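Coming up is one lone chain in structure tokens, specifically the form predicted alone.
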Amino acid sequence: MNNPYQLFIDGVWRDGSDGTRVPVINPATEEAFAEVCWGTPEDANLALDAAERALSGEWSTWSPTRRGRFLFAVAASVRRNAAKLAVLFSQEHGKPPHQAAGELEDAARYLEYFGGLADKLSGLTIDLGRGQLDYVLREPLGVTVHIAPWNYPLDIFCRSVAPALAAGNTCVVKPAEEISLVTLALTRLFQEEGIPAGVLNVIPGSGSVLGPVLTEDPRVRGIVFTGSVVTGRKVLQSAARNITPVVSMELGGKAASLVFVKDASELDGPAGGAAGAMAWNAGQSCGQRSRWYVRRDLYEPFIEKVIERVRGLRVGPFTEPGVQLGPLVSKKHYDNVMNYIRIGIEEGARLIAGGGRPEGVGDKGYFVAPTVFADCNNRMRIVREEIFGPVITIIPVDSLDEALALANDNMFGLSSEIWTSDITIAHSVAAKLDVGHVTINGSAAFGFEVPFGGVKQSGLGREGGPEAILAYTRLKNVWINLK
């Protein structure tokens, strides 16, 4: 087994204070291939100490331009090291190589985008009349805590750490328990490019142990969290102790796709989108289009096309060429998804594809065949609850109004999708969907230049776009009597 990956605190790589090391499992083989050191509350406090000291250290002398150029340098390093990082990423997470490479490019793009905004922040002056000067300063929040998920660990790391650093904050990051190695490998690139000690600290470990320590500490002036609704509520309660701002919170989704194309000749796009929703990241995406509301005259033709596309998906480990759908991230998550498939069958949904382990992958690895349920309704748990796997449900509807009502009838409100060639339908439906992000005739524009985030129990705040960096700043007003 390889040497353990260590914590990064105050510019130094070190073991956790109690020496705990946890095996890292390849989800395609179920074999341990490395170890990672886990942090303790003592380590979390050391990281917060370091981040607080760094606010008044060398980091405070860096101009916005220098911070921006630094992020550009890290982005360039990500690209130089992409091939090596992608192998580790696939080994730890199970992503096929093209998906791992795509996420690394996303990480670099976030670093570049927010690096470019670092020197665009400005205050303002306010005219209060003769003899008075009033101006507004835009300052960093201070120490920010970032609790990252396992499904897109590098993408989500960079989409919050990049704007936080660009605005002059310091960061303490807790990666997901399931995925730490590739995040630590990315952190090493920040170190190699010369980030001052204490500005970025990364502590793998148990969320239930480290989470409360990091979110309840009065030194923390901003919290970013991506994860479950249950944990999100706990984070909000912790933040309330010290009235700590929660910059962004993404808590999941159950995205709906509304298929209202002209006729069956236009179903290739949505059918490909449905299959792609299962293949990309093995369906482990908050924005996965998992509920498909299809106009009744298109329903059976759509099912036929989806089955055809699903049969063409290649499932397997990242080491096999041409793989489109890898394993789920862990045994725990695999069991959870398989349980939902069982529930769907018990609820009376018609299983038309998948439903178990795919053929040809053997008995090792957390592989789930792309699974499609038809004849579903909104009362079913497989329609209402987030499964987070390669599973979709298809529901027939008789009208656009019915589709809208059913799409909005869910506790989540992250994203939705419309398939139509009618521009009036496209705009009117987009306005009525109770979500934070709508796509039309495809799934794109989820980051970088545009805001992304949810409503209802999908969370609060927005990541991406110029508004995101403002959330990592606070305003200070200064008044001067010139008389």
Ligand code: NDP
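A residue's number is simply how far along the shown sequence it sits, counting from 1. This one's a predicted model, so the numbers in the text were calculated from it and none came from an experiment.
Missing here is the form predicted together with the named molecule; even so, the following discussion is about that form.
> Of these, 99-107, 172-180, 359-367, 128-136, which stretch puts a heavy atom within 4.5 angstroms of the named molecule in the predicted complex?
The contacting stretch is 172-180.
> In the predicted complex, does every one of Q91, W280 and S330 come within 4.5 Å of the named molecule, counting any heavy atom?
No, because Q91, W280 and S330 lack any heavy atom that approaches the named molecule to within 4.5 Å in the predicted complex.
> Pick from A118, A162, A148, V220: which residue has any heavy atom within 4.5 angstroms of the named molecule in the predicted complex?
Spelling it out, the residue with a heavy atom inside the cut-off is A148.
> Go through N377, N81, N408, S228 and name the one with a heavy atom inside 4.5 Å of the named molecule in the predicted complex.
Answer to the contact question: S228.
> Does the 4.5 Å heavy atom contact test between K234 and the named molecule in the predicted complex come out positive?
So K234 counts as contacting the named molecule.
> Look up in the predicted complex whether G252 has a non-hydrogen atom within 4.5 angstroms of the named molecule, and give yes or no.
Heavy-atom contact with the named molecule at 4.5 Å: present for G252.
> Check C286 for me: does it contact the named molecule in the predicted complex (non-hydrogen atoms, 4.5 angstroms)?
Although the named molecule is absent here, C286 would touch it in the predicted complex, with heavy atoms inside 4.5 Å.
> Evaluate W59 for contact with the named molecule in the predicted complex, applying a 4.5 angstroms cut-off between non-hydrogen atoms, and reply yes or no.
It does not: once the named molecule is placed as it appears in the predicted complex, W59 has no heavy atom within 4.5 Å of it.
> Which residues within 394-419 place at least one heavy atom within 4.5 Å of the named molecule in the predicted complex?
Result: L414 alone.
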